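Before any questions on binding or motion, here is one chain by itself as structure tokens, the form predicted alone.
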Amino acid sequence: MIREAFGMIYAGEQIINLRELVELRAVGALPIGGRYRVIDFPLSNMVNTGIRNVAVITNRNYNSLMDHLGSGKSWDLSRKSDGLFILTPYANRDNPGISLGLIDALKGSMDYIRRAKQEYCILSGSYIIYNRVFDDMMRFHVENGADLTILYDRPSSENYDGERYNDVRLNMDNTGVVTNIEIHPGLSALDRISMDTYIIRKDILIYLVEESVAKGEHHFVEDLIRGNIGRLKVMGFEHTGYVGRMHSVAAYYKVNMDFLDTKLQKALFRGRNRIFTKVKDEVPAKYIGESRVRNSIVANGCIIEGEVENSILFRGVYVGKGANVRNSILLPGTEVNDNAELQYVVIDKNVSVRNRSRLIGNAEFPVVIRKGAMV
């Protein structure tokens, strides 16, 4: 059944609470977990499901995303038939070139959608991290005669890494039919939170997008879904595993720190369904002299002469003599020079931290240093 589905990943989200981290890149291109990009998760989920026709829809700042995805070879999507398609924005009579919302992006991708041989579409955003296959969700969708099925989870309040005013909550009856949707509620009694992943039949998707465009609508959830509740059979399907949402710098920091949990690492990365990424070979990490590393992820190419604890170091990071890095995330090419001190810091690529510098934040408000800076 799943062979009758094609996948679409919308990588055009604009999440301003990620601040400097998305000034020059799409959210899906954010490095995470020492070696991955955020988009690796939704893309791997589709590949693990058996989907071999996947399109990634871009909007702004997509150069690093395109460089990462390439031909799709790392995900076994470099194929003569179907494969990986990167749909960049372009202007024509029906599309101004920049999408105001997902409906605009789907309208601009209509040629791809119409050409797809498969009957169903699995549509996903690029900013939510989880590991699953969609066979059971597809079976649920077909057996219940749903027009649209929404994937959701029910996180406990202490484990929820979303942001107040920044989620979509579902009200459902006892048969699983969605009866109402709350968008960015300040206070809500609903505990079912959308994971921005949907199953819909291709012909229904085409009809609804064309109808929404004719009405001047731009937003998939606010306009297309909520505006058709009662008219369409919209159902919810529950995901019970780990979910990480890239809603803000604090959420990005928390998800990375979650990866230090060995139980989560085993569940998310070492199970039957692997998370694939573009491999960039480097020499092994090098630990010099009296360096000390505890409870950290250290990628290839790093050189450690100081002390690292509860931190994630991406490729090619240097930590100098006497430097102390705690509870921090250092993206590729970061240089932390001698006797510097970092706590609760997120440092973007190719940043140089001077000798004896001190950068101190906290878990809720980590210090963020923009790409290429010297501090």
Partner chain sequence: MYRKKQVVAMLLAGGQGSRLGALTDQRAKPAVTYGGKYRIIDFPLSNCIHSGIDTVGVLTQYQPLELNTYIGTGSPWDLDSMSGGAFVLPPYVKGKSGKWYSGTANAIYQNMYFVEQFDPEILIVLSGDHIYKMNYNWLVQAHIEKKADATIAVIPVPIEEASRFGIMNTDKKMRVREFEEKPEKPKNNLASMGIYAFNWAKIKTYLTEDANDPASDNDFGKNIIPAMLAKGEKLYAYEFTGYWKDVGTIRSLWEANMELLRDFPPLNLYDDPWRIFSRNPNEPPHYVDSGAVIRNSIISEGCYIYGNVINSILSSGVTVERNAVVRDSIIMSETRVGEGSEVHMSIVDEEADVGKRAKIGECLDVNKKITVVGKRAVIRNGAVVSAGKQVDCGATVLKEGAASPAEAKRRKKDGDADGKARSAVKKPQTEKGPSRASRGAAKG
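What you see is a predicted model; the values in this text were computed from it and never measured. Numbering follows the first chain given and starts at 1.
What comes next is about the form predicted together with the partner chain, which does not appear here.
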Partner absent here, but in the predicted complex, which of 132-140, 216-224, 81-89, 258-266 has residues with a heavy atom within 4.5 Å of the partner chain? 258-266
Answer yes if any heavy atom of D111 is within 4.5 Å of a heavy atom of the partner chain in the predicted complex; otherwise answer no. no
Would you classify P31 as touching the partner chain in the predicted complex, given a 4.5 Å non-hydrogen atom cut-off? no
Applying a 4.5 Å heavy atom distance criterion, does Y242 contact the partner chain in the predicted complex? no
So in the predicted complex, does G289 come within 4.5 Å of the partner chain, heavy atom to heavy atom? yes
Can all three of I275, V279 and R294 be found with a heavy atom no more than 4.5 Å from the partner chain in the predicted complex? yes
Contact with the partner chain in the predicted complex, heavy atom within 4.5 Å, among V177, I193, A285, L232 goes to A285
Within 4.5 Å of the partner chain in the predicted complex, heavy atoms considered, which of N166, Q118, S248, N300? N300
